[in-house]
Each structure stands twice: as structure tokens, then as C-alpha cells.
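What follows is one chain in C-alpha cells, specifically the form predicted on its own.
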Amino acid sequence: MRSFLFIPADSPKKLDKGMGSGADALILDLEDSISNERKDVARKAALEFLQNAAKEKTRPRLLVRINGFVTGLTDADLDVIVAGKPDAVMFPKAEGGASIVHLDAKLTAREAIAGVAEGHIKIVAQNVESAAGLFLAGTLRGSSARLIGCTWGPEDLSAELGAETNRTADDALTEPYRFARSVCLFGAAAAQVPAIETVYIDFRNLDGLRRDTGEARRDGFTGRLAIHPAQVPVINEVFTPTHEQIAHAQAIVDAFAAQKGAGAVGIDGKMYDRPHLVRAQALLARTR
């Protein structure tokens, strides 16, 4: 999945528009965009939307961002939305493998109650949104078969740190947040799941989004969170391999296949070794 579009779960109009946005996944938000007074309304709206969307022949993946454990609202969220069989839940402020195991258990119990196949609902962890989550990012591996992705949140981190900003005047991440971003990448790689780049909050600045997203793809992220439908086409374009990239990756795979057991192969005067093969195979897998 390349693009993940956040939509407040209490806005049926925005949810309906989201279905035609071109996003690979919609995130029905029960957390930051919903006031405490409207949590119940949002849960019911999310369930209704999930049930109606299930009737569609083609649709984006549907995720629900639940409220994190620290809020005390997680159980109330799951009690309602699990019956709608979302493809995944987004888990804010996930703090290490133990928190994923805990959420897995909560999902398993509610899937049984709702008659949903065990393990149907996956987990995307916002696992680098707090200092504790950053230090525990290396503990996710093997925590749950439900885990399908990791992402991070500089806004929550900067609030926790009491920072004035997380970006410089020229729109670059400041040092603490470059480090947190890297930790997200390494944690996802260790857990053997995709790393998903965080939101780009200047949603009208599509040139900035394109540049920033290109850097994310370069560094190893495979998709990005979006906060506005206008961001979706840019994110999809940047994370879609070009014909040239696909052809080059296929050439590397074919060259290794033609030379069984080779540690390196030559193509057009350049040498490619096993790490290049792994990257080529990963690119072709994403294309498929």
C-alpha cells in the first residue's frame, strides 16, 4: 500500500469522498480528529461505514485508528468496530512488542465474540510516537502475525519533548526527528514489515510533499500517511515504480537466475551483488 488517507470517522461525507480519492487505504480516525464528546458517534459511524463498504466489489483497504492504551478508550473502540471487520487497526503510541501482544489478545477475544475469523484484523503500529516507543522499536519482531506495518509521529514526539518545532525554516526535520524517523525504518526492517512515512502537514504544498516523499522512498519507506485527498495522487505517483526501474530490477533478477550460485553479476559495465538482488526482488514484489 502506497497511500493511507486519514478521515475523521464521524464525517460520513468525507468518508464517502475518500472512497473515490484513489488512496490505497483509508484510515477511519477515532483518535486525534475526534473530540471526547463525539467518540461514541464516531464509533457508530465507523461501524456503519465498514459494513456498507464491505458490499463494494472494489474498495481501498479500510483501517480504523483506535485510541491508544493510555487513554482508557481502546476497549470501547474495539467493542464496536471489530464487528465491521476492518482490514486493520492503526495503533497509536504503540510501545514495543509487549503492547502489540496485548492488542493482539484484545482483537482475538473480540473476533471470537463477533464471529470474525481469528487474525483477520491486522495491526499497523504507530510505534515511534513517544520516547518510550522509540526505545522499544527493536522489540516488535515476532510479537504478532497481525503486524503489517510501522510508522512514526513527529507531532506527538515534539509535544512530548516540549520542542518549539520539528522542522527547520527550510522544511527539513530537526535532528531529534531525523533520528526518530531512522529508528522507525530500522524497527520496521527488524520486524520484517513495511515502513510507512508520516504525514506532511503542509497539505497545500504539493511540491514539498513530492520532494519529501521522494526522500522517503529513497531511504526505504514504502508508503505514506496523508491528511488531505489532494496529497494522494502525489504519494501514489512517487511510490509507484517507473517502467525503467521495473526493467532494471528485472534485469538484475534475470542475470542472477542465469548464473546460478553467483555472488555478483555484471550488467552494462556495472557489478551487482546479492543486496542489489534483494532490493530488485522487493521492488518487483511491490509492483505485483
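Please read these numbers as outputs of a predicted model, since none were measured by experiment. Don't overthink the numbering: it's just position in the shown sequence, from 1.
One more form of this protein should be noted, the form predicted together with a small molecule, which is absent from this view; the next part is about it.
With the partner omitted here, the residue from 179, 203, 135, 186 that has a non-hydrogen atom within 4.5 angstroms of the small molecule in the model of the complex is 203. Only one of 44, 38, 228, 59 lies close to the small molecule in the model of the complex, with a heavy atom inside 4.5 Å, and it is 228. Proximity of residue 14 to the small molecule in the model of the complex: non-hydrogen atoms within 4.5 Å are present. Among heavy atoms of residue 33, some come within 4.5 Å of the small molecule in the model of the complex. At the 4.5 Å threshold, heavy atoms of residue 65 reach the small molecule in the model of the complex. Considering the small molecule in the model of the complex, the lone stretch of 203 to 211, 145 to 153, 114 to 122, 80 to 88 in range is 203 to 211 [heavy atom distance within 4.5 Å].
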